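One chain comes next, on its own, written as structure tokens: the form predicted on its own.
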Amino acid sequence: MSNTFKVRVNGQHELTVDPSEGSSLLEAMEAAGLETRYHCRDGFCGACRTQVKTGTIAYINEPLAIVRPGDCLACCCVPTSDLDIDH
């Protein structure tokens, strides 16, 4: 049995993400039809940097780009709780 989490994006859009499906947060946003920004999809460039207002994430692959406290790289993470993010 897997856990699903609610992700609120930019205070307007809400989607449900199942981390066990193997998709990153960025891929889940794209699947929901949300406009996203990215370049490398591997945590190298930081273009997908996203502010985490509330909630927690885990990295699928440890990012090489610098990640400031309160941010995440959506291309290589999954939620571990419900999230409220600005992307």
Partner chain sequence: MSYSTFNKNQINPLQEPMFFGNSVNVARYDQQKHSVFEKLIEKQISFFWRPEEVDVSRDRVDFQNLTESEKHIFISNLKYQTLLDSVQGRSPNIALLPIVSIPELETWIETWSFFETIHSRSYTHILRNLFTDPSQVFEDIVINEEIQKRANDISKYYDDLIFYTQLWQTHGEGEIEVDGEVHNVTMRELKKKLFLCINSVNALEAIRFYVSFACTFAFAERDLMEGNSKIIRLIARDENLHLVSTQNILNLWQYGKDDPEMKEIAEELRDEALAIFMKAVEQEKEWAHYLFQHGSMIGLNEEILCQYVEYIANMRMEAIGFDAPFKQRNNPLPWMNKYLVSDNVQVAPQEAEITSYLVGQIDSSVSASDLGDFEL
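Numbering follows the first chain given and starts at 1. Quantities reported herein were computed from a predicted structural model and do not represent experimental measurements.
There is another form of this protein, the form predicted together with the partner chain, and it is not shown here; the text below is about that form.
*Asks:* Taking Phe5, Lys53 and Ala58 as the candidate spot, are all three within 4.5 angstroms of the partner chain in the predicted bound form by heavy atoms?
*Replies:* Verified in the predicted bound form; spot residues all out of contact, no.
*Asks:* Given that the partner chain is not shown alongside this chain, does Ala47 nevertheless sit within 4.5 Å of it in the predicted bound form, heavy atom to heavy atom?
*Replies:* Close contact exists here: in the predicted bound form, Ala47 approaches the partner chain to within 4.5 Å, heavy atoms only.
*Asks:* With a cut-off of 4.5 Å between heavy atoms, is Cys40 one of the residues that contacts the partner chain in the predicted bound form?
*Replies:* Output for Cys40 is yes: heavy atoms within 4.5 Å of the partner chain.
*Asks:* Does any part of Pro69 reach within 4.5 Å of the partner chain in the predicted bound form? Heavy atoms only, please.
*Replies:* Contact check for Pro69: yes, within 4.5 Å of the partner chain in the predicted bound form.
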